[in-house]
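Given as structure tokens, the chain that follows is alone and in the form predicted on its own.
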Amino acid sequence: MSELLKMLGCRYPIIQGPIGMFNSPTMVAAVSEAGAYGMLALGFSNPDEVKKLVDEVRQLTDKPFGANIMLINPHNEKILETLAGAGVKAVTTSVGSPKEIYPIIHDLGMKGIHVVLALQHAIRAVTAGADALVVVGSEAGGLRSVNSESSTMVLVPLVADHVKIPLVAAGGISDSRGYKAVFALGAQGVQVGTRLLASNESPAGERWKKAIVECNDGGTDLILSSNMRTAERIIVTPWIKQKMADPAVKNIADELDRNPAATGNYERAAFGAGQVSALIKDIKPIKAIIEEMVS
């Protein structure tokens, strides 16, 4: 058994990519029941919200699951106490410096896996006490930096050459081919987001799932946030493509629709997804996705 599996306590070294707006206990439980590591995305949640979510997951599964915490959340110490009390053994940490939170994680008897986008971040995280790293290549969905970034194929072996703790590869993984490839790159497991987003149990709207399945090669791009300090990878609609090609338009973040299911404005929909969307051609149960991946 790998060091990573010992930390997670699940059957397969597959971590659910946490997506902040989809804190679905049903989805988390389905991932854990399939043998992987379901993850709540706690973001700016408060301790009461976390307790409710954890209780709901526990009602659905007795299998191991975890959570991602954003390090800029002032409630993290209380949140970690709640998670530890519920038997959570490992969490991932992101968006911020890990050096102050890791002594707290360890004092609670938990393991922490820090999310990094670059080699320098990986080295700093090890110094701060991280027990493992999620190494996220540039093709992944979700929040990105505005810096030039390396792909999973480059970043994972690069980090593996410089650190000695377990690595989890993220970005561009949707099936057994990607799953098997990362072990050759030096990782002990994977984090999967977009493929699980396009599942039966995912709470994403049907139009979002359909957009992933219909996404072609090159069908995603990075959009700068309003403050121009971060970026996110989304599926490019014709309207978004037109706006991005207009030299007079500096930033479209504020014009994107975050709730198109309510407004019906799907042309401006901010459907987050990784480049791996081009490989996803169906929507199926999480159990089937996991079984294919490890086959």
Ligand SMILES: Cc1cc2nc3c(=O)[nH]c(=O)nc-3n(C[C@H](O)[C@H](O)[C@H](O)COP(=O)(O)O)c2cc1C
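Because the structure is a prediction, the values reported are computed rather than measured. Counting begins at 1, following the sequence as shown.
Beyond what is shown, the protein has a form predicted together with this ligand; the following relates to that form.
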Give a yes or no on whether each residue among 64, 199 and 289 has a heavy atom within 4.5 Å of this ligand in the predicted bound form.
no
Even though this ligand is not shown here, does residue 20 get within 4.5 Å of it in the predicted bound form, heavy atoms only?
yes
If we define contact as a non-hydrogen atom of the residue within 4.5 angstroms of the partner, is residue 68 a contact of this ligand in the predicted bound form?
yes
Answer with yes or no whether residue 13 is in contact with this ligand in the predicted bound form, where contact means some heavy atom within 4.5 Å.
no
This ligand contact at residue 172 in the predicted bound form, heavy atom, 4.5 Å:
yes
Spot the stretch among 190 to 198, 176 to 184, 72 to 80, 155 to 163 with residues whose non-hydrogen atoms come within 4.5 Å of this ligand in the predicted bound form.
190 to 198
Out of 202 to 223, which residues reach within 4.5 Å of this ligand in the predicted bound form, heavy atoms considered?
208
